[in-house]
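This document starts with one chain, in the form predicted on its own, laid out as structure tokens.
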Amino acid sequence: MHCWSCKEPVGGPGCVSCGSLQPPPPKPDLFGILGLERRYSLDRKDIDKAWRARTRGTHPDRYAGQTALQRRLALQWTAHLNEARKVLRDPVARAWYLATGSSRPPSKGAPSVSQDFLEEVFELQMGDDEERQRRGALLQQALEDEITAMFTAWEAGEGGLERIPERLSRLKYATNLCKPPE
């Protein structure tokens, strides 16, 4: 990629040669724009540190006295960097993103779960609130552990992510079971 202003090669948000802020990619990889490795097991502190480092050079306040184009590019970078931080800090959104390229399940055609699982959830919903919350918390923990194990295997090159969306759909049901009654 080359700088739009001086035509020198660039590898990040700003041109080293002329200092011009570059346009962000139209649909950036959320890991890439923060300079993070594509993996599930990320520490929140590392995400925040990467976000601060990238934001430091692209923040709109740094471009307040610049051209309208530079200010607009700074706003675009800020929006992309904030979205990346928001998604990657949330383990569920990060899992969806890694598995599907989107940070949330589709509004239509979400991954289906088995009829047996749905019946189990229904039975828990119809039961005692305390028991529902207790068993929901156990189910939630088991699913979180399973998802983490699947990502650990994937990161080691020993598995795929095909089953992750279905497990995340189950996790949503389990999380809802843990909520106190209204």
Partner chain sequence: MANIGIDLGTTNSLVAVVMGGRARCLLDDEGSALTPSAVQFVEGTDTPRIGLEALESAAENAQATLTSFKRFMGRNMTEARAVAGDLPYQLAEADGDKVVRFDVGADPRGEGRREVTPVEASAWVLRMLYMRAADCLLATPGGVVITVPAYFDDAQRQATRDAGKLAGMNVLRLLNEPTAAAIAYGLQEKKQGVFAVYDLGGGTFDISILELTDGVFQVLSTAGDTRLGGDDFDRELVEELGLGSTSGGDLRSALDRAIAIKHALTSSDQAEGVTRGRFEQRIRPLVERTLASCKQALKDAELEVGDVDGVVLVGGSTRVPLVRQMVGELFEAEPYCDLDPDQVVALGAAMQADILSGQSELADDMLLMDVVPLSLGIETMGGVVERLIWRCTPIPCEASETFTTHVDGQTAVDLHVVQGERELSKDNRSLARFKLKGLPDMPAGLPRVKVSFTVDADGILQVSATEQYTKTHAEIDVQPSYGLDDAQVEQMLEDAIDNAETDVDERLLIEARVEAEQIVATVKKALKNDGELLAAGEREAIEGVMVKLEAAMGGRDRKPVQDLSKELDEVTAPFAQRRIERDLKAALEGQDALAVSKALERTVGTSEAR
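The model shown is predicted, which means the values in this text are computed figures rather than measured ones. Positions refer to the first chain, counted from 1.
Not on display, but discussed next: the form predicted together with its partner chain.
By the 4.5 Å heavy atom rule, the three marked residues G136, T175 and C178 all fail to count as contacting its partner chain in the predicted bound form. Only one of D43, D61, D116, E131 comes within 4.5 Å of its partner chain in the predicted bound form through a heavy atom, and that residue is D61. With its partner chain left out of view, the stretch that reaches within 4.5 Å of it through heavy atoms in the predicted bound form is, among 61-69, 122-130, 150-158, 30-38, 61-69. By the criterion of a heavy atom within 4.5 Å, Q76 is counted among the residues contacting its partner chain in the predicted bound form. Contact check for Q140: every heavy atom lies farther than 4.5 Å from its partner chain in the predicted bound form. A residue is said to contact a partner when one of its heavy atoms sits within 4.5 Å of a partner heavy atom; R85 meets this definition for its partner chain in the predicted bound form.
Shown here without its partner chain, the chain has W51, R52, T55, R56, H59, P60, D61 in 44-61 lying with a heavy atom within 4.5 Å of that partner in the predicted bound form.
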